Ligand code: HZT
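In the block that follows, a single chain appears as structure tokens, in the form predicted alone.
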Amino acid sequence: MSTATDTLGLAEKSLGELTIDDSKGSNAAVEQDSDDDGEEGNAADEGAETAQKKKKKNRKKNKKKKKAAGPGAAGQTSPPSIPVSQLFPNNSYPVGQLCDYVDDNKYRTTSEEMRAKDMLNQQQLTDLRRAAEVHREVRQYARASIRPGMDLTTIAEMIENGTRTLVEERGFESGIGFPTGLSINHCAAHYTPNAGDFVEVQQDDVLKVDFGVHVNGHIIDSAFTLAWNDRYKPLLDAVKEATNTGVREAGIDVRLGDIGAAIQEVMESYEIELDGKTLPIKPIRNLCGHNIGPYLIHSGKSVPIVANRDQTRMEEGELYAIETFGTTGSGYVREEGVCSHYAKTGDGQPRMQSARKVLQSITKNFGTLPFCRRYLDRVGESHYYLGLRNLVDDGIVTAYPPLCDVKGSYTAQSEHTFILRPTVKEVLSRGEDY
């Protein structure tokens, strides 16, 4: 296990630099050995020279042992099957994108006090980086594998089984952060297949893929959009740039309403041509980002994607998911269709026996983490729908039905998770793909 000092040292490297630094270290060792060879060439006695070479060879072996590290993400199989803890031993998970604070918070970068505070959060950062690496590796395979003709259940199980394997699922210690969202076209969010749902992705579809990973309740929430028709590229570009804008504008003491204004300005600068008509791309004004707490995907604060008068400020230490949704439709979503997403959000003891039974299973297996009906099936529950409905009616469980814009419209989503560390903003879910 790394010491706190070792982990803090890794925090000085941004995502993608670990391999580069290892390479530099290896080159330095080779250069040093070359100098040693020159000195040995000056030895008059051939036997002494041979002995020196043997010592040098042993030193090389020792150096390699000291520098021993896992293969990193490059060592992953396809489909992914190796837990990331084996690819990155000693908690040496890649660090996310590091963004220095500016203006009144610029001092934080070099403040000894802030560095000391940062040291206190190393376990949380390790957990989040582990979850983020799982997300990157699972989504890399998913992005390469999802294609028209696949049904949503197959896609969801591919993502979720990959997540379970790579994070080494152990109940509340590590596992899935929430059900995999697979929302198509005018459906923007909260759709995951129930048992028997074999809806297939079509060539002209726009598919939002939203999934989460948790380690000790610390959740990484990140999403992307796939389309196989190039005509949707402006829509995908709009949400990607809007999310990056929100992430860039976010910081300690920043007002949430100001972030929404910046996101809206970028989103509305895009338009798209569909079937000979030029359409504006609108932000979906009643969807938003959110802060994240331990085992709570929505922890109280909402980050709008349109301008509003919310004066609430972001604070040091908070974990956020900035997610933006763009649409060719009305810019407003409504609940539509059969519900699949749920979460325990209240307390109480239901009167109905079937409700008490399913509540016991929910508390044991999911706690306050969101779940879906497929997950209840997976843990062995059956004939639970009436009891689940009763829990929703009693306010113990909240139902989250699919959220849809007008039919015939197309929606897209982009999302990243970041943490406002005392010294720096770290975009944990950043990867080479987005």
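Fair warning: this is a prediction, and the values are worked out from it, not measured in the lab. The first residue of the shown sequence is 1; numbering continues from there.
Although not depicted, the form predicted in complex with the named molecule is the subject of the following passage.
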Seminar exercise, completed: Per contact check vs the named molecule in the predicted bound form (non-hydrogen atom within 4.5 angstroms), the hit among 105-113, 121-129, 161-169, 293-301 is 293-301
Exercise. Do Lys208 and the named molecule come within 4.5 Å of each other in the predicted bound form, heavy atoms counted?
Worked result: no
For this session: Indicate whether the named molecule has at least one heavy atom within 4.5 Å of a heavy atom of Glu133 in the predicted bound form.
Result: no
Exercise. Is the gap between His341 and the named molecule in the predicted bound form 4.5 Å or less for some heavy atom pair?
Worked result: yes
Exercise. So in the predicted bound form, does any heavy atom of Tyr385 sit within 4.5 Å of the named molecule?
Worked result: no
Exercise. Can we say Phe178, Pro370 and Glu415 each have a non-hydrogen atom within 4.5 Å of the named molecule in the predicted bound form?
Worked result: yes
Exercise. Looking at Gly96, Pro283, Gly246, Gly289, which has any heavy atom no more than 4.5 Å from the named molecule in the predicted bound form?
Worked result: Gly289
Exercise. Taking the named molecule in the predicted bound form, which residues along 221-244 bring a heavy atom to within 4.5 Å of it?
Worked result: Asp221
